[in-house]
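First, one chain by itself: the form predicted on its own, in structure tokens.
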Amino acid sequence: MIKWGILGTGKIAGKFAEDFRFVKNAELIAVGSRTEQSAVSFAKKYHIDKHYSSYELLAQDPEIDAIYISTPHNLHYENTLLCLNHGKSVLCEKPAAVNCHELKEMTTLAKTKGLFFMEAMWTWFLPPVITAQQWIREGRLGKVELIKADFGFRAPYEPEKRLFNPALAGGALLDVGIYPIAFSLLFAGADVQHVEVRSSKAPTGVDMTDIYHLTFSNGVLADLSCSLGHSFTNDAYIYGSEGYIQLPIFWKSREAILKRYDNEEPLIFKDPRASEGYNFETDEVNQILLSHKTESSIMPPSKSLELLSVMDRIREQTDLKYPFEV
């Protein structure tokens, strides 16, 4: 039985805690916040026995095996180092870090201490996404040639809050752009050779809407977009030589549709899950920890580094640098 703690009490932490009732071989025993009131309220709402008024106290709890980090992007680096230095395995919300420099230090520390570390790219663990991968392995799509994905929603412009505040690593890329980029890396299965970006910015200087064109070493193309100013369909498509796969609202997909060009009837997979879907990544962590391993084969640190390196290249092209970066 793996015993878990949650670091942070925001919206995403609530979703993780809500889905924990579907997790196997684990128990959620503690939560830590920067304030006593927030910790107590969260613990009461999700029936968690222990609550701490600081992240440090949570990390010091000797009963905890693993900690889920759900704080804003700019805090992932320091929060992860805190947990690792106290001997805790870490599942860190995406993006695992703001840049590759941070991520390399985090993964080096985890390796040095022999601890598990994984970015919480929960989309990669959803049954419809895994089904789409299986269809491709079976050759039903032919050769993968093009990937299209977008993720956009219309957010209220609040310059001091997380989405638009550069001091909190705000902007579309790190918040929602990471999803279509990660999706393309998963299904292209090759290195990114070329990155082309078009971007518009909010008055605070962070990116508001982005369009990414990626070219992979195996010839696969990706047409991706994200936005905090426009509501997109949020679907993803994988086009092959013999058909295509559609994943509606792909980042939390509950359905995969395969349409072959030689068959009028589509093949449809529907996920009947009762959860939002955060339990699948947590199950992966539990299985690995119970097997006394330190890396996921689905989302190892090397994949996070590959993803973040593409995002660093995108920020170079759009001249987006956060004030806390050296």
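Because the structure is a prediction, the values reported are computed rather than measured. A residue's number is simply how far along the shown sequence it sits, counting from 1.
We do not show the form predicted together with a small molecule, though everything after this point is about it.
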Is Gly8 near the small molecule? Define near as a heavy atom within 4.5 Å, in the model of the complex.
yes
Even though the small molecule is not shown here, does Thr71 get within 4.5 Å of it in the model of the complex, heavy atoms only?
yes
Check Ile12 for me: does it contact the small molecule in the model of the complex (non-hydrogen atoms, 4.5 angstroms)?
yes
Even though the partner isn't displayed, in the model of the complex is Arg162 close enough to the small molecule, meaning a heavy atom within 4.5 Å?
yes
Hey, of 168-176, 238-246, 196-204, 216-224, which bit sits against the small molecule in the model of the complex at 4.5 Å between non-hydrogen atoms?
168-176
All of Trp124, Phe269 and Glu284 within 4.5 Å of the small molecule in the model of the complex, heavy atom check:
no
Could you tell me which one of Cys100, Leu75, Leu186, Leu109 places a heavy atom within 4.5 Å of the small molecule in the model of the complex?
Leu75
